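Next up, structure tokens for two forms of one chain, structure 1 and then structure 2.
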Structure 1
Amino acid sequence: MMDVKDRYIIDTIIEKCEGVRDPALIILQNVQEILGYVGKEYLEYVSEKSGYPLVELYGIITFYPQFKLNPPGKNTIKVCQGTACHVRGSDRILGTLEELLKISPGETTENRLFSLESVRCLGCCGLAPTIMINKKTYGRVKPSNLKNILAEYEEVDQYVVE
């Protein structure tokens, strides 16, 4: 549910966009960026505050795949499916990740540690195949070293839990 903090964040975003022409997309992008997803209650609140009809906002977030309607996992893994990565075997990278995490693209692991996404081109074609975890890009990935890459993120989490 939305709390005061979320409301405050959205208020600030809308305030900051004052003076920008047609800011609907920008507002939603900021919500996505800061809150991690654009849930139903966020949408309703944005609609209420900005005056955009809910249907228009919904139309926008369903058009752009950047937006998520549900909260993602702690770490988002993006597997590049660009042409260069495809011919260099990105299918096997994605397959291995699916096996390791036991989820399909678009899903989140049960412990909410990882979300898996297959994306278009990450623009690192020279280093194909590539994956991106949060904002860090990994180039020349081999199926065999995925375990180690994932471990980087798992360990950090365990440490926090303890």
Structure 2
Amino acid sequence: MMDVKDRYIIDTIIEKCEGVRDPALIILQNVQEILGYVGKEYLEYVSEKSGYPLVELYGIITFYPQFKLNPPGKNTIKVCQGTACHVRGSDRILGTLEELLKISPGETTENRLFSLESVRCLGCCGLAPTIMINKKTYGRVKPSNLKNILAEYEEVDQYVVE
């Protein structure tokens, strides 16, 4: 259930977009930037307040990969899939993270501690393969390093690779 603060934020965003031609994308981008994601309840409220059909808003957020439908985790892990990282084993890094966290890219752990993303490039090709957690970059990552890296963010005894 959306709280009063979230409704106020969305109302303010919609008001600021009055007079802008076809502002749906701008409204949704602002909702995500301020509230962290564009969940079902936010979409329904934006539709109700702006007059945009819900199906049109849903089409926008599912077309653009920048949008998150679920609340993000406290820590966002981005796994580089650029050419240099791919050649140096980023698929193994991603696979190991999926096993450790028991989630796939685009998902968040049950405890909402981590979100996992697969990205095209982090711009650190000389350090391939790389991951980024929040704003910290880790280079020359090996699957065997991942438990220690995750431990920086929480005790990881609960994550077991089978």
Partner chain sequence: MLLSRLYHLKEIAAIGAGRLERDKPQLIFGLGTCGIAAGGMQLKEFAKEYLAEKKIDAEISSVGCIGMCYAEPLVDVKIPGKPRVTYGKMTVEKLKEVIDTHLVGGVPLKKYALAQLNSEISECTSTTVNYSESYEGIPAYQDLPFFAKQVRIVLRNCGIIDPEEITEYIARGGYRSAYKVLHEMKPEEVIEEIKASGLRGRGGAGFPTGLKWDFCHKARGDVKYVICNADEGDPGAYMDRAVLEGDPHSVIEGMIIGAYAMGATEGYIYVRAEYPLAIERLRIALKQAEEYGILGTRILGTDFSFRIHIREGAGVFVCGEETALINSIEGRRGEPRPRPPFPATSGLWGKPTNINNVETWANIAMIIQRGSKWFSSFGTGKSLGTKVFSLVGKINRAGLIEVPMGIPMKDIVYEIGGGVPNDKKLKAVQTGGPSGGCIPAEHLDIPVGYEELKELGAIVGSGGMVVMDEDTCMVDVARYFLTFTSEESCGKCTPCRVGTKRMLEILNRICTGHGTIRDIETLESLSAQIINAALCGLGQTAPNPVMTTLRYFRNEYLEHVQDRRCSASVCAALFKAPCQNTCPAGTNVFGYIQMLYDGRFAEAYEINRENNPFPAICGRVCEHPCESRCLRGQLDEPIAIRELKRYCADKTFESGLPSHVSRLGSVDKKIAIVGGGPSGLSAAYFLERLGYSTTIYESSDELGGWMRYGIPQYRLPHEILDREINDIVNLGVEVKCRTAVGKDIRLEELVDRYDAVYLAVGAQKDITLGLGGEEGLIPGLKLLRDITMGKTIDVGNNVLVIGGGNVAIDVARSLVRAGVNKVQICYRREEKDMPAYVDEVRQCKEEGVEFHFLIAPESLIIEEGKVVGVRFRKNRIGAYTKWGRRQPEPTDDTIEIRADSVVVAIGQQIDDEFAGDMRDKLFERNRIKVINNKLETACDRIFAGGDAVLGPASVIQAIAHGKCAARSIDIRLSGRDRFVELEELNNRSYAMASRENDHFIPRETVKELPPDARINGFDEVVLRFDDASAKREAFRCLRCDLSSEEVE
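Predicted, not measured: the structure shown is a model, and the values here were computed from it. Along the sequence of structure 1, residues get numbers from 1 upward.
Here the chain coming from the form predicted on its own is structure 2, while structure 1 comes from the other form. Rigid-body motion between the two structures puts a hinge in the chain; from the set 91, 102, 71, 105, that hinge position is held by 71. Between the two rigid parts, the smaller one rotates 25° against the larger between the two structures, as C-alpha superposition shows.
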